[in-house]
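So this first bit is one chain, no partners, the form predicted alone, shown in structure tokens.
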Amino acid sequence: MSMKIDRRALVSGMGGLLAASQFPTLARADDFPAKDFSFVVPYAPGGMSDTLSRLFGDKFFQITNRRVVNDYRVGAGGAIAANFFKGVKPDGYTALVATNSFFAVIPAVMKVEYDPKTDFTPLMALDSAMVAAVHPSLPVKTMQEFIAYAKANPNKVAYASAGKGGVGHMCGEWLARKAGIQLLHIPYNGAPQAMQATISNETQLVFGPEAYEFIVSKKLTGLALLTNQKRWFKLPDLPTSAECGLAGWAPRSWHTMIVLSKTPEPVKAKMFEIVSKILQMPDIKEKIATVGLMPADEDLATLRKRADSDIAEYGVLIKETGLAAK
């Protein structure tokens, strides 16, 4: 028995198969997620990025029934994790749990293998309370007294950060220039280590929301919240840096989850939907507030503008302080 072949239908069918083979990710976008996730964590266990990766990992499983494995890539202030992340498959199954340093600071102060404007896309913004706190042995109770003490003791006050090029590092550089003082920077391999160094008086100054519990327990003395906006509800008596006479822009820190920009748009949208849904959960809202973070209600386009704005603002500070990569 003979069979008549419709050439037009055959060519059309072959074209569809060819398109599906050339763009397999796009063809499977509607089925996302079809496998487990991996979260790249750039800092040591116990820090904020690790805490958030665990919180979101649990919720990802509840929503998608897909597990999340944490992949720790620690060192070089986050550059090791960022360079590794740049090379993963852009399919949405690997995300980087990071901060705005990966957009605004790290690429400016180190030689990295990615372009923050074109390679990385933020999915959320959790603003962090950048508290300036000192060891109680320093004879100061206010930011004004600290500035006076630092002026009288140039390079005698050391401040700890989670690594060169991080927001904590930038806070110290900003404060030194803004107040006309000289500080000694000591980088550590993560926020917990930096905080512990100041609690033990190995360093005398530290920045970050993690200082809250140690201020309450009197192990540290709070000086100010680095912002030109409102005070932090958890430490309502702590003045802002603007109230302390340091007016204008101050370094900001926000935590985020990043996917590669080459990830298909439908997959980006799905990831954003999952993350946004998690941020609306009452228990997550409570936990995020407890660790000093404030979610920003922004869409993907606005998040992109936020990242680009920080690239410009921090770029000026980095250039002025001579920290730019050679």
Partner chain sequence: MGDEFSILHGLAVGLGVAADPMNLLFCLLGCLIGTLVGVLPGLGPTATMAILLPLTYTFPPVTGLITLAGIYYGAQYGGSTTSILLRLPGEVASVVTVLDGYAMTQKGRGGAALTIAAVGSFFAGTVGTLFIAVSAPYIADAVLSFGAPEYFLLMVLGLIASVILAQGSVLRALAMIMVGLMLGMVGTDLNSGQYRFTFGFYELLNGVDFVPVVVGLFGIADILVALERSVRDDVMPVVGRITSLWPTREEARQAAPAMVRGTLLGMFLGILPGGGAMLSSFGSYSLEKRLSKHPEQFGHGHPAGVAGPEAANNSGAQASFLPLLTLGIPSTATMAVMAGAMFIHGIVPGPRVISSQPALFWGLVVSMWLGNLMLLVINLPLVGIWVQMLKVPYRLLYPIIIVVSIVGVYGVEYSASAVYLTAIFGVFGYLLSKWKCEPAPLVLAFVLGPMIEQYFRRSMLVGRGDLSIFVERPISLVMLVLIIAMMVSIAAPHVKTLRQKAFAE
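Residue numbers count along the first chain shown, from 1. Under this definition, the rigid core comprises the largest set of C-alpha atoms superposing within 1.5 Å between the forms. Keep in mind it's a predicted model, so treat the numbers as computed, not measured.
Only in words, not in the display: the form predicted together with its partner chain, which the text now covers.
- In terms of contact with its partner chain in the predicted complex, the residue from Gln144, Thr240, Gln193, Thr221 that brings a heavy atom within 4.5 Å is Gln193.
- Put simply, of Pro33, Pro295, Pro264, Pro45 only one has a heavy atom within 4.5 Å of its partner chain in the predicted complex, and it is Pro45.
- Mapping the unseen interface onto this chain, Val216 counts among the residues with a heavy atom inside 4.5 Å of its partner chain in the predicted complex.
- In the predicted complex, Arg66 stays away from its partner chain, with no heavy atom inside 4.5 Å.
- Its partner chain in the predicted complex is not approached by Trp232, whose heavy atoms all lie more than 4.5 angstroms from it.
- Contact between Tyr72 and its partner chain in the predicted complex is found at the 4.5 Å heavy atom cutoff.
- Site residues Leu126, Cys244 and Arg304 are none of them in contact with its partner chain in the predicted complex, judged by any heavy atom within 4.5 Å.
- Looking at 85 to 93, 222 to 230, 172 to 180, 208 to 216, the stretch with residues near its partner chain in the predicted complex, meaning non-hydrogen atoms within 4.5 angstroms, turns out to be 208 to 216.
- In the predicted complex, its partner chain lies beyond 4.5 angstroms of every heavy atom of every residue of 122 to 153.
- After superposition on the rigid core, the Cα of Ala197 moves by 2 Å or more between this form and the one not shown.
- With the core held fixed, the Cα of Ser161 is displaced between this form and the one not shown by 2 Å or more.
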